[in-house]
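Only one chain is shown below, in structure tokens, and it's the form predicted alone.
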Amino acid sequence: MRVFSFQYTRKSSIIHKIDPRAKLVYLILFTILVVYYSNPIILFLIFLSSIPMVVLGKVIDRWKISIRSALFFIIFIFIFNFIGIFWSTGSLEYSIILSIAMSIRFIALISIFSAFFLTTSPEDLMQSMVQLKIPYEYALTFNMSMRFVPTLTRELQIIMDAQKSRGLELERGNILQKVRKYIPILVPLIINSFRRAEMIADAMESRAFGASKERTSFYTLTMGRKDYIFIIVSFISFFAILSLKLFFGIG
């Protein structure tokens, strides 16, 4: 099983050159739409709306890895939602439709966040957060989290490959047996995560992090015409999809 690929790759595409604050507006608006709607058709349209960003950003290969990884979790989301909804309502048709909607909602979120993080530099995102008057400590924590997730996914893939080479068969057995087989993978992953967190804490302490309250920036981000056009297009798309329910009763 391939793991999610949210690691930023520097490229000279149109989407890469857009200001992180403009792309953050897109992320927030379309996340609201995904949470607001429960119609599988509308959710699928929202999922399709993220594909132009992926194509223009030239990150379709890494985006495909994230989508393929999401398919593994979609099965569990569909099964658990179907059991819970059918248990509470007793309606087979309603349970199937809503379970499909929950599955599409998950993959739509993965697609939107993947398009955002694959085309947004962590340094530029942190600088934009600082310019938005977000405290530097919070911006740094978020930036480190962005850097930590790709490292964690790489380690997860390495540990899985190492355990498979030792004879661990993750694909065989029922659901409970598969869950037990992931214990030898999660334990070393958690231990390595604690070790890395301790190393980062020691490195920050050795550099006297937090000793000075006044900070200066090497560069500042400025919004250009293409950034405002991107924000306008994002709002137009947002209200167009939102109007399907507000004015036409769809969704």
Partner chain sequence: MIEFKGVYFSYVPGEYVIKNINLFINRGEILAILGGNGAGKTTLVKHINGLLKPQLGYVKVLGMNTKEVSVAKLAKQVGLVFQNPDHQLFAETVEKEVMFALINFGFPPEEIKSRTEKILRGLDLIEYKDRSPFTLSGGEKKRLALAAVLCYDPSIIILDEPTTGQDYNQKRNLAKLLKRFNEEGKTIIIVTHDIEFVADFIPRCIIMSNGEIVADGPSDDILTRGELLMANKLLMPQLVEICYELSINPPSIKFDVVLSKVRAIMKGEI
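The term rigid core refers to the most C-alpha atoms you can superpose between the two forms while keeping them within 1.5 Å. Quick caveat: nothing in here was measured; it's all calculated off a predicted structure. Residue numbers count along the first chain shown, from 1.
A second form of this protein, the form predicted together with the partner chain, is not displayed here; the remarks below concern that form.
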Completion exercise
Assert contact residue (the partner chain, in the model of the complex, non-hydrogen atom within 4.5 Å, options Ser165, Ser91, Gln177, Thr141) equals Ser165
Handout entry: Listed residue (Ala197, Ile191, Ala203, Ile32) with a non-hydrogen atom within 4.5 angstroms of the partner chain in the model of the complex
Key = Ile191
Completion exercise
Per contact check vs the partner chain in the model of the complex (non-hydrogen atom within 4.5 angstroms), the hit among 183-191, 24-32, 39-47, 215-223 is 183-191
Handout entry: Contact test in the model of the complex: Glu155 vs the partner chain, heavy atoms, 4.5 Å
Key = yes
Handout entry: Non-hydrogen atom contact Glu169 with the partner chain in the model of the complex at 4.5 angstroms
Key = yes
Problem - Asp161 within 4.5 Å of the partner chain in the model of the complex, heavy atoms - result: yes
Practice task
State yes or no: after fitting on the rigid core, is the Cα displacement of Glu155 between this form and the one not shown at least 2 Å?
Solution key: yes
Exercise for the section: Look at Ser165 and decide if its Cα position differs by 2 Å or more between this form and the one not shown after superposing on the rigid core. Expected result: yes
